[in-house]
Each structure stands twice: as C-alpha cells, then as structure tokens.
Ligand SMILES: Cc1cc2nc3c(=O)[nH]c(=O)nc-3n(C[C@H](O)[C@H](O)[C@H](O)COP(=O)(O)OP(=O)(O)OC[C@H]3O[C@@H](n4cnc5c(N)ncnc54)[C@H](O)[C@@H]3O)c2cc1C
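In the block that follows, a single chain appears as structure tokens, in the form predicted alone.
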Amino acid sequence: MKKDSIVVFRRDLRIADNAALSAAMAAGPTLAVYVLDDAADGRPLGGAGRWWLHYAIVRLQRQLADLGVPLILRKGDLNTAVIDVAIATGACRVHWNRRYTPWGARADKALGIELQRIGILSDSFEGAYLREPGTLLAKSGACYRVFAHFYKASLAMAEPSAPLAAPGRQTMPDISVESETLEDWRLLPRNPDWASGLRRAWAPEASSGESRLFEFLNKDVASYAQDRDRPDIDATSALSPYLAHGELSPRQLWHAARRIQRASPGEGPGIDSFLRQLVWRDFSANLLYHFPDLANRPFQEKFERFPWADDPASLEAWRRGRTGYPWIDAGMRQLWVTGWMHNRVRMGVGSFLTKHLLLPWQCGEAWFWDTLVDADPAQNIANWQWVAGCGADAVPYFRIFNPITQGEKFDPTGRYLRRWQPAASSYVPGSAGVPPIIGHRQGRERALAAFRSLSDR
C-alpha cells in the first residue's frame, strides 16, 4: 500500500493550478500542511496580511476538505514542523511549490537536504509566475534591468503553460496527527478590532478570487487601458491580494484574459494592459532573485550615499494621512481603512515620502508591508525602489510627482477626494484644515539638492 504524501502550502493557497498538490495526489493518499512561520517571508507577516491569511486559509480548508485532503496547521519554524509531521505520519514524500526569494530558496534547499538525510523524498514545482525567475535572461546571460526589454522578451516566448485543473477527490487518509486551529493563531485583530473597514471593502466570507476575475474580465476590462489610472473609478481588477497569497495563479489570470481577447478582439487594449501588469510582477521577482540584497540595499549603488532625513514626526504624519496634502492623505486613509490603495495613488504617496520628505524608501516599504492586504515580498521592495528613483528601470529621482496636480488630473470628478478626505474642498494643500508639513516648492528644491549632492561626493 502506498504511503502518504505531504503537500506544503505557502503563498499558493489554491487547489487549481497547484502543481505540488496535483503531483502529491497523483502519487497516493495526501495530506496538506500549512505552517505559520514568522521568517517565511524574511520577516513576520504584516497585520493586514495576517487578516487576509485567516480567510484565505478558511477557503483553502473548505476546498481541501471537498478533495478529501486534511489540512494540518502548525506554528513555528516551517522546516521543523514539516519534518515533524512527515515523521509522525510516516509519509514517504513531501511536495512543495518553489519559492524564489533569497530567504525562501535557502530554507527550501535546507528542507530538501534534511528530508533526504532521514530518508524522505521531496519534489518541488514551479507555478508562482508566468516565467520561472532566473529563466528569462538577456542574450548576454544577464538579468534584464529594463522592464521594456523584459516585457518584449517575455511576449516573444511561447504562451505561458496552461493552468492545471484541480485534482479529483481522494479518500480521506486515516491520520491522527496534532493540528492547531486558526483561532489558536489569533490572526484577526482584537482589542481593538481595527479591521471593520477591511471587512466592508473585501467581504471575505462571500467573495472569491474566481468571482472577482470573472466580473473584471466580463465587465471592467474593456475600459481598463484608459481608466486604470483613475482612482475615482472602479476600473482596476482588485485581484492583487488573491495573487499575493496565491489564491489565484498568474497563469489562471493570463489564460482567462486570453480567452476573452480571442472571443472579443475589441477588448485587446484593455487585455494587453492588464497582462502587462502580470509581466511586471515577474520582473520584480526576477530582480529579487538575481539581486538578493535588494531588500536592504538600493539597486543603484550611488544611493548608498543619499542624505536621507531622520524625521519621525513627518513619517508619522505621512502614515496617518496628516501631511496637509489631500491627495497624499486620501491615499493613506484609503490604505488604513481598506488595506489597499490605488496604484496611481501609491506612486504619489511614495514620491512624497522619499522626495518631499526625504525619508528612506525602507520606511514606506515597511509601512506598506504591515498595512497592505496584497503585500508581496518582491513587488513591495521593487516598487518602492522604483518610486524612490534608486531601483532598476526606476522613475528618475528628479521626477518629483506634484501632489496637487496629480490629484486634479487623476481625480477630475473629485469622487476619490470626497470619499477619503471629505473635509477637503480641493487638492490645494491645507484645504482639509491640516497645514502642509512642507511646501511643494520647498520639498522639490530640497530633494533636487539632495540628489545633486550624490555627484559632489
């Protein structure tokens, strides 16, 4: 009789297009393990991410139960927990989908070595990206540093492989191994419960990534190309949290969009713009894969000498949406209430922090990590370095977004302003009754002077 196999879940909390799960169930009776490991992403998961994770695991438990696969929950070191479960159940093989962050890849390699030492086989699979990080290289063999070149090379390749169907049901294995509960983990906030806005924004008990994907592709994608920069319009896919936690795979999104494009050629511009964002996600993962210090050091070495400010009061004002700039404060309030922020506004608040306030990009990256439901290790780092001007293919540091005209341009109806900063009558600084913490011209000139100082050293 075949011995049990184990499939380890991380940021791949789905049953369809999950190569590790499919392989494990094809080999024989399968049980699943999820370990809440504070080091799994290189640091503990942020508060908003933990909130989302709770409901993602609830959905995964239900889906796995329908397949006859028990889900064992453990908290602590992932590798130790997996080995303990493997020994306790007498499993013969452990399956997982590969991680590509420097810390994740190291841990997976160590797990494979330890399993081999105790006589348990292991298999790893890909499926987190359209193209596996490290496989799409320039002709020189180097990592692409410019997104346009990476994007062109990606499109020139064959289409990403089709997503795998969910496996069929198995007979529930007869196991008696200890499992913790979600309630044990206390992922949901209490005393105080600050997540009421998240629940209203995402309706976690009722919504699913599949239903949101269907709605977007059949309703909103037609206007995506021209409206995706408008935070006053519900024109984006809002699929990023499902991608970040692996409830949907990028291949599922890619091929679903291509089906719509083939059936309705007129949707081409919107589909192409949407798929471009998936390739940007691949690009970010490739950068962190090839440059593992990206989490702590600027991609452009000259920014090691940048004269960042040390200003806790300004940082706190930015976090709390009290800068006096309605465009910035509206975005930060949207983030605090919903755990999400429109991408165009993310650019604005990032530029303001790193340029007007001269605060290090790491401060913004850490705050986003804690407050975003879609916080993704590679994208959060790459995007913050991009907006700060120190990353790969970054917006030049001397391109400083105007927090007044940005609001007027991208929120022409004022709907976004009325929702998230209702005390403001316009995007003029101070119009909400909060004095601006720095003048726009003063902030811009100070930032340019700091940038020029890099050439003087």
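Residues carry their position along the shown sequence, with the first being 1. From a predicted model like this one, the values you see are computed outputs, not experimental measurements.
This protein has a second form, the form predicted in complex with the ligand, left out of what is shown; the following refers to that one.
**Student:** So in the model of the complex, does residue 358 come within 4.5 Å of the ligand, heavy atom to heavy atom?
**Tutor:** Contact check for residue 358: no, nothing within 4.5 Å of the ligand in the model of the complex.
**Student:** Check residue 135 for me: does it contact the ligand in the model of the complex (non-hydrogen atoms, 4.5 angstroms)?
**Tutor:** No, residue 135 is distant from the partner.
**Student:** Is residue 334 close enough to the ligand in the model of the complex to count, meaning some heavy atom within 4.5 Å?
**Tutor:** No.
**Student:** Any of the heavy atoms of residue 281 lying within 4.5 Å of the ligand in the model of the complex?
**Tutor:** Heavy-atom contact with the ligand at 4.5 Å: present for residue 281.
**Student:** Does the ligand, in the model of the complex, lie within 4.5 angstroms of each residue among 37, 54 and 57, using heavy atoms as the measure?
**Tutor:** So, no: the whole triplet misses the ligand.
**Student:** Just to be sure I understand the contacts: of 341, 91, 271, 248, which is the one whose heavy atoms reach within 4.5 angstroms of the ligand in the model of the complex?
**Tutor:** Comparing distances to the ligand in the model of the complex, the residue within 4.5 Å is 341.
**Student:** Between the options 79, 261, 236, 300, which residue brings a heavy atom to within 4.5 Å of the ligand in the model of the complex?
**Tutor:** Selected residue: 236.
**Student:** Just one of 192-200, 173-181, 377-385, 321-329 has heavy atoms within 4.5 Å of the ligand in the model of the complex; which?
**Tutor:** Result for this chain: 377-385.
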